[in-house]
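As structure tokens, one chain now follows by itself in the form predicted alone.
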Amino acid sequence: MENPVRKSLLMWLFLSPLVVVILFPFAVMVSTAVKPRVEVLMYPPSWFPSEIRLQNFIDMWQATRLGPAVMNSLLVSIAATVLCLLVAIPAAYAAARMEFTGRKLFRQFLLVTQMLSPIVLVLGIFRLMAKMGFVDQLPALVLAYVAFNLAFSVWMLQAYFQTIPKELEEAATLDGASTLQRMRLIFLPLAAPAIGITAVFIFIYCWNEFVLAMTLLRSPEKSTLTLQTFSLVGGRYQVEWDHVMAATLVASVPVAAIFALLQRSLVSGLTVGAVK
């Protein structure tokens, strides 16, 4: 019988190069964020700071106007997540429960849309928003994020909705419940885990998105977190790397915390409905 401890050690031995490659950028980010500026500019660079300078985060927050950018990202991400779910839940319910002409074609269309890169559609989205007068407006970003996440959300939700027994709704129908009552009192409470996981995926996409924000927004006061962080590097004669890395760390912590806390749920959410 194989020793489980030996097997575990061998697995970690084989995985260690991959772990080092993945963690190396994060180690550089954290190290640079807490170094004194003199050590950041040193050549050759030192790997470990002589002192941990947390004042860098306070200086960065005041010098880079990161606070308004965090609020903009938070507002846009929450608004896009809520609006996307309001549209995706009824669409996913119809795809999972109702028979209609073109139902199979509709599901295939949802998959095909996931193969398109957002960059391909950026020019068309910009022209559309310009015609609507939405350029340099946060609602334009919300609508764009909803459009890009809607197909994914419908696909994930309808896969989970199919696993909920129809008999529960049929029993409610016999008791005189309407379609809206069945959804509100029976269906949505049972589907809450899938809705929560889908909301997390949408929020993370909106929080990390950069290309659409750079295309649609112009004013510095309307910049999102990713756009404001990029402005610390792009077009600068001198880059303050301690501020850049501190801002990047602030932007990464919420997403990393969500993944760490909901790792099992996120993985199961991606595979939900795959096995019946």
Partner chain sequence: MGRASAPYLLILPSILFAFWIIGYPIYDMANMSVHAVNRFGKTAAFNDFANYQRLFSHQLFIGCLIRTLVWTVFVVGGTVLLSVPIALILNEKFFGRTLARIIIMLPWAVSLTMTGIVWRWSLNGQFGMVNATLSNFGLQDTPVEWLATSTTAFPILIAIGILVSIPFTVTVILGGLSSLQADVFEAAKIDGATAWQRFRYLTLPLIRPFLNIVLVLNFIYVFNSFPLIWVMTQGDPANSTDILVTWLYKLAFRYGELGIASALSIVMFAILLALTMVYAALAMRNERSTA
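Keep in mind it's a predicted model, so treat the numbers as computed, not measured. Take the two forms, superpose them, and find the largest set of C-alpha atoms that agree within 1.5 Å; that set is the rigid core. Numbering follows the first chain given and starts at 1.
Quick note: we don't show the form predicted together with the partner chain, though the next part is all about it.
J.: Considering the partner chain in the predicted complex, which of V135, A147, V200, L85 comes within 4.5 Å of it through any heavy atom?
T.: Filtering the options by heavy-atom distance leaves A147.
J.: Non-hydrogen atoms within 4.5 angstroms of the partner chain in the predicted complex: do R53, L75 and L188 all have one?
T.: No, the candidate spot makes no contact with the partner chain.
J.: Would A251 sit within 4.5 Å of the partner chain in the predicted complex, counting heavy atoms only?
T.: Yes.
J.: Wondering, does F106 line up within 4.5 Å of the partner chain in the predicted complex on heavy atoms?
T.: So F106 counts as contacting the partner chain.
J.: Whether P165 contacts the partner chain in the predicted complex should be assessed with a 4.5 Å heavy atom distance threshold; does it?
T.: Output for P165 is no: heavy atoms all beyond 4.5 Å of the partner chain.
J.: Is A130 near the partner chain? Define near as a heavy atom within 4.5 Å, in the predicted complex.
T.: It does not: once the partner chain is placed as it appears in the predicted complex, A130 has no heavy atom within 4.5 Å of it.
J.: Across 39 to 63, which residues bring a heavy atom to within 4.5 Å of the partner chain in the predicted complex?
T.: Residues within 4.5 Å: V40, L41, M42, Y43, P45, S46, W47.
J.: Using the rigid core as the reference frame, would you say I119 shifts its C-alpha by 2 Å or more between the shown form and the other one?
T.: Where the cores coincide, I119 shows only a C-alpha shift between the shown form and the other one that is less than 2 Å.
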